[in-house]
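Before any questions on how it binds or moves, here is one chain, the form predicted on its own, in structure tokens.
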């Protein structure tokens, strides 16, 4: 098969890595890719806003399958466009993608299908939202309705913080049009889990879960980011809880998708809060998470392209995905200043030495090849993944690699994998 992956992050690098390991892969392309991806795939720069260019590329290269990484391409209807041109695509329709691109849409879907989620209210007016937070019971969670690169969720412990957040979203337009509407919901106590399953018209196949670290700094302080690290497994997620997740969330979600007649062929990411009352859905994402994808694909034993082939043929329900029973950790190396302002074009040395270490895979996020040197080009720069017999051993491996890279222009959390063990 000739495969095209769309995207340029560490998530897409790990997808390319998994595709490349499949015997079904003949040729691998990536648009636009990054310095790391270019080592295993042919990277091309094509303006994806001009869909005709993408269609021409797919026809010229006899592309058998397009795998869409970022949510923005799904929101823009790229999967619908490719399907209309008889190109196989892994990724849900634009209509189904509203489960992520509109939090209020997702909330109504959850409510309609009797799936546990936090109580909430929608607001389009700054004044009405300000009035609501003046008498709310704290803490509360304020969310931009649209896509905000994983940074549009703010937990407010006090009224003053809520008022500042509303000013940031409505007045200062921190999240642009994504913040034209917000939802304010109750705060749920528990621990967060990112759970993943492949869905098609006739069923689903469970991939697994990872625990993500969203905050920028150690001990879960600082601003929200796209994700500073992830790991699996966790002793807190028992078989009983996994069974509840399937019965109370996966099955009613599948029935809801069928009832709405959504075209859903792809991965579905359930952002969950595990409370004393059971699992609650915080959000849906209609693509792989980053950095969770890097963790999950490191443990995947079933041929990745076989899963996708069955997905496209609506034959997932009889598939049992096999995963290695190892512990995996991912630590993100980010540019200093992220998720705020950061510098680019900073050289990354020592990568060749670091990537030679056994049981370690380094997935590139914000990197470019310039004058034969790898330089930074984004906020999150590298995902260091390590696999071992225990989380503690995987942690030692990952942090050993980071000490070898010794990138003075970056920072990383030193507590990834320590929570919820």
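Being a predicted model, the structure only gives us computed values, none of them experimental. Positions refer to the first chain, counted from 1.
The same protein also exists as the form predicted in complex with adenosine monophosphate (AMP); that form is not shown, yet it is the one meant from here on.
The candidate site formed by 6, 49 and 83 is entirely out of contact with adenosine monophosphate (AMP) in the model of the complex, as no residue has a non-hydrogen atom within 4.5 angstroms of it. With adenosine monophosphate (AMP) omitted here, the record of contacts in the model of the complex names 187-195 of 187-195, 335-343, 73-81, 315-323, defined by a heavy atom within 4.5 Å. Residue 153 is the only one of 136, 236, 153, 216 with a heavy atom lying within 4.5 Å of adenosine monophosphate (AMP) in the model of the complex. Distance criterion of 4.5 Å from any heavy atom to adenosine monophosphate (AMP) in the model of the complex singles out 282 from the list 106, 282, 310, 250. In the model of the complex, none of the heavy atoms of residue 351 sits within 4.5 Å of a heavy atom of adenosine monophosphate (AMP). When adenosine monophosphate (AMP) is considered in the model of the complex, residue 143 lines it closely, a heavy atom lying within 4.5 Å. Shown alone here, residue 245 lies farther than 4.5 Å from adenosine monophosphate (AMP) in the model of the complex, counting heavy atoms only. Contact check for residue 273: a non-hydrogen atom falls within 4.5 Å of adenosine monophosphate (AMP) in the model of the complex.
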